[in-house]
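A lone chain, given as structure tokens: the form predicted on its own.
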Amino acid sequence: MNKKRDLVPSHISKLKPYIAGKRIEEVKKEHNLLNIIKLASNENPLGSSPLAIDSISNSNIDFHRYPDSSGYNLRKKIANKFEVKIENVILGNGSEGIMSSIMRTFLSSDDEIISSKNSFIGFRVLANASGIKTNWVPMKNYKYDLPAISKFINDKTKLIYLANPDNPTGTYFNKIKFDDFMKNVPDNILVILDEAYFEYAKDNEDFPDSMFYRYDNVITLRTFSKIYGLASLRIGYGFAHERLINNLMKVKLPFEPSTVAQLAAISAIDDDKFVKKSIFENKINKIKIYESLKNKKLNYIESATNFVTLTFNSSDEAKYFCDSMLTKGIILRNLKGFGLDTCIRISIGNKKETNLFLKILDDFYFNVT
């Protein structure tokens, strides 16, 4: 008699569930605090696009009807904005929803994946859950080591994941490094280029905006969660060759994203005023944080995003810092779950949040020195 198989596959039972940052209500109760500032999840501190909010408030949605499964109106709007065909655009429940569709569409059991060891934890969960062999390549100075990733390419490689800029380090690889890397990638290997923080990084002259890199084997992913402030609606979009999009459309969930999410995104993508304001405020407040960290001789990673990551000498030191801030009502992100147990990620807040964080940081620094 054959040995009875476990109901849960081994690669699933070994998975560790994703643990999000602490909830505001949880911290209030735990530390008996009235006011909490959450600087842990890289959300837009200015809120949501006003145009998106207005479109939802003034809409007359038939909630008993299913969403447009093709997302035609939003896909057409995105296509026009970025000067591509609608056949080059796909939607999903956030960038991760599209990542999931990509993996279910293009990967077979004997394929292999390559990515960076300490990059976006959402992709790591998806890769581990797939049961597909994944080669996790160490970062170099908290950056993607593209030459090292190239060396892992073999006959079984089918998918390479790159986050640019990266989360949680905030670093990015430039045009020259990306061009050199792509020379080593065969046409039959898919490259996911995750640009969730594109709007924050695009003004760097050497940033490789993927819209100017029309590789047939590159799938670009972007999101409305960050700069547009629609995180709770879970809506992302992607660009790729129409052959890839056509096959993805066969596999993706038929009624995603929701009607509300599509409606909000259609308006948000035109909200240039809100985007510019968000970028400006982020830049100003990031400079303030940099200056304060430098004055205190605290180590941090230069960031092209809306967060800054601190590096400490030990995991105990990092934990102590994060826990101490929490008792003062500041929620930060301990990156132990990302494999960076000596690092703490700080989302950049609005002016009021930034000033309060810096005041508490001053008090903390004074007390420990």
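If you're wondering where the values come from, they're calculated on a predicted model, not measured in any experiment. All residue numbers refer to positions in the sequence shown, first residue = 1.
The following text describes the form predicted in complex with a small molecule, which does not appear among the structures shown.
Using a 4.5 angstroms limit between non-hydrogen atoms, residue 94 touches the small molecule in the predicted complex.
Mapping the unseen interface onto this chain, residue 278 falls outside it, with no heavy atom inside 4.5 Å of the small molecule in the predicted complex. Although the partner is absent from this view, residue 161 contacts the small molecule in the predicted complex, with a non-hydrogen atom inside 4.5 angstroms.
Heavy atoms of residue 234 reach within 4.5 Å of the small molecule in the predicted complex, making it an interface residue.
Residue in contact with the small molecule in the predicted complex (any heavy atom within 4.5 Å), chosen from 265, 113, 103, 196: 196.
A heavy atom within 4.5 Å of the small molecule in the predicted complex is found for one listed residue only; from 220, 88, 225, 128, this is 225. Site residues 142, 318 and 342 are none of them in contact with the small molecule in the predicted complex, judged by any heavy atom within 4.5 Å. Residues of just one listed stretch (212 to 220, 73 to 81, 285 to 293, 162 to 170) have heavy atoms within 4.5 Å of the small molecule in the predicted complex: 162 to 170.
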